[in-house]
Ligand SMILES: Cc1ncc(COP(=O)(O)O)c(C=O)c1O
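Below sits a lone chain in structure tokens, taken as the form predicted alone.
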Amino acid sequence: MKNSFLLNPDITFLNHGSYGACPIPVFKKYQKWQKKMESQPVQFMNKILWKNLKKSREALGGFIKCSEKDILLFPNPTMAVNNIIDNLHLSSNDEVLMTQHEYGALVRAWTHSSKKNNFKIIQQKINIPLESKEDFIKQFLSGVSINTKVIFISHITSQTALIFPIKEICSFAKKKGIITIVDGAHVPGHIDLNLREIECDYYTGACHKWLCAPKGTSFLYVREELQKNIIPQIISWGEKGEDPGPTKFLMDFQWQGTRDMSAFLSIPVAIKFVKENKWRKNHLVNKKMILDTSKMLRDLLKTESTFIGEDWTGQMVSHQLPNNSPETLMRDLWNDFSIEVPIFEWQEHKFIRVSLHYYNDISDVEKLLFALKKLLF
């Protein structure tokens, strides 16, 4: 599988979670779309584009279990969530409930909007290590009040790499009339996703991470009943343009000025790639390696895991570093050992996050452990 990717073979790449990695057959299809566009840009933009965007939505809808009419294609989840925030019309005394594990850029977006519109953000503390699903749900829902209008929650967290029980959270919120927005940036191609079962109001996910599509391919699912109330941040031609629809919802969002949509058109071949390469089996193999990695990090670093058991993690694990770890550790891992792995601060502690995909094997993890031992002890 290493030969199926464009990654530099001299690098130990343990950071699929940040921007993904595109396989060679998917990248070739991406370039083929770009060449087709440049061979006749007008015909491509006016005619060819729309029927193939529909095929991309259909392939993606089949993969994540929802109608293609409910999917908007976005370059990234950050843009998608910002569009939702701008359409919520929250005001004084309204509350948005989230955990302290949410992605920093989106917490910043919510904070910007809250200052502008005078609503409150409640970041409910979720204690780690996580062990019981029931305890997580109890901790999180204790933050709900009569003023809670929105629940914003990650399906898989970015910094702490934990899988949250969002189906139960969304079920509770639906009964209470609370809007649910799920950040599933790390989910498609990583763990099973069935939007019909989750029953959230909004869900965003990245296709350029675990699904291995080209960079800049993500989606926003909007429940059908809410589509008439959402308008894009960028107003363009909409129903007066070349997009045949089939709905105003799609026409308003799909064309926001001239841009290269070749990455979106490559989604079907990315889905084909992960299916042909047995992504579910790959997940189980990598999950076992991640659980082993977690144990090895715990034994080496003498710090606690963020979870207990096997239900909280997939192909990615974050582990706390010793308090005396040097500020230069990530740079030293890169410069001295050619290891690409993120190190960051969360809740006043340093963490290292290891994420694995098709091209990784246990020797990559062993190299990281060897390097950490050399640099820290």
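Counting begins at 1, following the sequence as shown. Predicted model, so just to flag it, every value in this text is computed and none were measured.
Here the subject shifts to the form predicted in complex with the ligand, a form of this protein not shown in this document.
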Please state whether every one of the three residues 18, 183 and 208 places a non-hydrogen atom within 4.5 angstroms of the ligand in the predicted bound form.
yes
Using a 4.5 Å heavy atom cut-off, indicate which stretch of 102 to 110, 163 to 171, 289 to 297, 267 to 275 touches the ligand in the predicted bound form.
102 to 110
When the contact criterion is heavy atoms within 4.5 Å, does residue 78 count as touching the ligand in the predicted bound form?
yes
The ligand contact at residue 305 in the predicted bound form, heavy atom, 4.5 Å
no
Proximity of residue 156 to the ligand in the predicted bound form, heavy atoms at 4.5 Å
yes
Could you list the residues in 289 to 325 that come within 4.5 Å of the ligand in the predicted bound form, counting only heavy atoms and keeping sequence order?
none
